[in-house]
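Take a look at this single chain in C-alpha cells; it is the form predicted on its own.
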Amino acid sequence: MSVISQKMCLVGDFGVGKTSLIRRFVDDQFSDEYLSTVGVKISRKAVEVTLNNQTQQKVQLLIWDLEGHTKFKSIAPSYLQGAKGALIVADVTRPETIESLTNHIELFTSVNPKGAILLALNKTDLVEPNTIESLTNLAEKQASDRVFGIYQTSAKTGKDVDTIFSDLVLKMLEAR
C-alpha cells in the first residue's frame, strides 16, 4: 500500500488550544502549561483511513501549527501554501475567538480555495453544555459554505480530537 503525504494547518487566535489538540492527537498527551507557538511548528503522524470504496489508505500527515498572534498574519499565507485542509480552532471560554473565525476562514481560502475546512470549538470541558450550544450557533453564523463541520472538542479530555483529525483527512483525500 502506498503512502500519501498530506499537509494540514491548525489556525486560530492565540491560546485557543491548537498545540494542545495536536499533542493530544499525535502523542496522546495533555499539559495545562501554556507555551506560545512562535512562527510555525510542524508535527508528523502516520494514520490509516478507510475510504468510501472501503479500501485502506496510509497517510503521512504534516500538521502545521501556526502562531495565533495578529502580527503573524502577514506571513501566514506562505505557511498555508500547499495545505489540503485546515482545522480552525476557537476557545469556547473566549467568545471573541469564535467571532474571529470568519477572518481565519477567509485567510485560508484565499491561499487554498479548494482546501477542506473544519471548525473546532475547543475547551468544552470548561463551560456548561447550554453555553456550548449557543456558542456553536454563533460559530455556524461565522462559518462559510467552505466549512464542512463544526465539532465541540477538548484537548484535555480528548473529546472528539481523533474524530476531527480523521474527518479532516478523509475530506482532504476526497478533494485531491
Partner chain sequence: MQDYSPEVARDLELLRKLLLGEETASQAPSETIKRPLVDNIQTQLLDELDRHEDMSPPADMKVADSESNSPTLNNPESDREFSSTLNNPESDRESSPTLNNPESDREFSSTLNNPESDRESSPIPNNPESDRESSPIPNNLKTDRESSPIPNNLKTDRDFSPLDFNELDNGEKIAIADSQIVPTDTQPQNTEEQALQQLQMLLFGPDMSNLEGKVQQIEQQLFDPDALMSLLVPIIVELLDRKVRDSKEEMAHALFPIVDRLILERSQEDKIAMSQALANVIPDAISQQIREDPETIIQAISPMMGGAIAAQLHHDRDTVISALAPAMGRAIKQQMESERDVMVDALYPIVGSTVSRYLGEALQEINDKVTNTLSIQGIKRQVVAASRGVSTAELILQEALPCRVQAVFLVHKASGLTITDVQRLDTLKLEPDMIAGMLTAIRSFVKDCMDGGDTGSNSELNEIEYGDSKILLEVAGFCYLAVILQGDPPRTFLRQIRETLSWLIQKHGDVIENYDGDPDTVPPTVRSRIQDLLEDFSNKPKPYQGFPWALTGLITVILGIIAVPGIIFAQNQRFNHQIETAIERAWYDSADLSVYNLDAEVTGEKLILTGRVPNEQLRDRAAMFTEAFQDHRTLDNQIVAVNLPPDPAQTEAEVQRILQLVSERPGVEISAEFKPRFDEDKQLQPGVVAIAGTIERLEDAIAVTQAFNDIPGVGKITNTVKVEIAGLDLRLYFGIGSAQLQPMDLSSKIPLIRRQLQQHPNIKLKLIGYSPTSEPNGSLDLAQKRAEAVKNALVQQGINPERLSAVGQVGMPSDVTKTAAAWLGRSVLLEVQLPPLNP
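Residue numbers count along the first chain shown, from 1. The structure presented is a predicted model; accordingly, all values stated were derived computationally and were not measured.
Another form exists, predicted in complex with its partner chain; not displayed. Remarks below refer to it.
If you check its partner chain in the predicted complex, you find no heavy atom from any of T93, L138 and Q152 within 4.5 Å. When its partner chain is considered in the predicted complex, T37 lies well away from it, no heavy atom lying within 4.5 Å. In the predicted complex, its partner chain lies farther than 4.5 Å from every heavy atom of I132. Using a 4.5 angstroms limit between non-hydrogen atoms, Q60 touches its partner chain in the predicted complex. A residue is said to contact a partner when one of its heavy atoms sits within 4.5 Å of a partner heavy atom; R44 meets this definition for its partner chain in the predicted complex. Contact with its partner chain, judged by heavy atoms within 4.5 Å in the predicted complex, is confined among 138 to 146, 47 to 55, 60 to 68, 119 to 127 to 60 to 68. The partner is not shown here, but in the predicted complex the stretch 77 to 92 reaches within 4.5 angstroms of its partner chain through a heavy atom at S78, Y79, Q81, G82, K84.
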